[in-house]
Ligand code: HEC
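Have a look below at one chain only, the form predicted on its own, in structure tokens format.
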């Protein structure tokens, strides 16, 4: 018995330590249980090594014992494979193809410059090498198929980027995805951040932070938000991702406000949003005017970009709290009240205002 007790005690200690450490590192609960299975498997191996020898079996009993042992072992491994998360090279391969499809398409369009042709060749070589490594995990060579047809809208493409870069591992949208206290809920992000602020946050580094979500200061200090996207993501991916996140405007979801670390916020107010036609298509090059409804004020003009997005910055001071703002685009006009806390020096003063012409 003493020989059998020590593996059990060590296994229990390892299980407790593994559970606590994996929880501190914000691993999803399913991964924590997977680690527990590994600890249990290791404990079982040491128990078998410490157990006394079984009596010898011969003839039919030996065959039956071997078959039973095989069935039990196979059942355990099959059950674990069905319940626990598995790495599927095919899924990862498809994600890589989707990411590279849009990057390659930028170079496969007709151009007359030798420089673009060389860039396309280098990119194709890197892509094929990467896909070759993934394919080896399957024991087969799978060719990389590149497509030059981009049929997704900017918002649809942005949602695809969100999925491809697995942002859902840390963030929730509409209460789905993410892990507790690893990243904030994004369901109302479009009412809180501008498109440029989203891009800047995604590409900021631990050494040059931009802001953090209220209530997530500890996660911010730990550097849980990766700082690799500045190198990994293209401008197209960043812009479409921000365009998608800007459509998330459901106040029912508690997206925390941003705490800005460097900018002065008390002398301005930003109005931002999208201008679209009746079919939901962006309206580029549209003039948008934002003006405080008070004597002596002047309108701030902004022009929508190709995605129909605009930002209009107005000079408002602490005394201008509760000022009515009039925003117009084409023949449409909207009003809202600029409400902010004059004593708050960390929250941007801004509001989202979309138009449908």
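For clarity, every value in this text was computed on a predicted model and none was experimentally measured. Positions refer to the first chain, counted from 1.
From this point on, the text means the form predicted in complex with the named molecule, which you will not see here.
Within 4.5 Å of the named molecule in the predicted complex, a heavy atom is found for all three of 186, 220 and 224. The stretch among 281-289, 186-194, 268-276, 70-78 whose residues place heavy atoms within 4.5 Å of the named molecule in the predicted complex is 186-194. Although the partner is absent from this view, residue 94 stays clear of the named molecule in the predicted complex, with no non-hydrogen atom inside 4.5 angstroms. The named molecule is not drawn, but in the predicted complex it has a heavy atom within 4.5 Å of residue 256. Mapping the unseen interface onto this chain, residue 233 counts among the residues with a heavy atom inside 4.5 Å of the named molecule in the predicted complex.
Not displayed here, the named molecule is approached by residue 182 to within 4.5 Å at the level of heavy atoms in the predicted complex. With the partner omitted here, the residue from 99, 202, 248, 155 that has a non-hydrogen atom within 4.5 angstroms of the named molecule in the predicted complex is 202.
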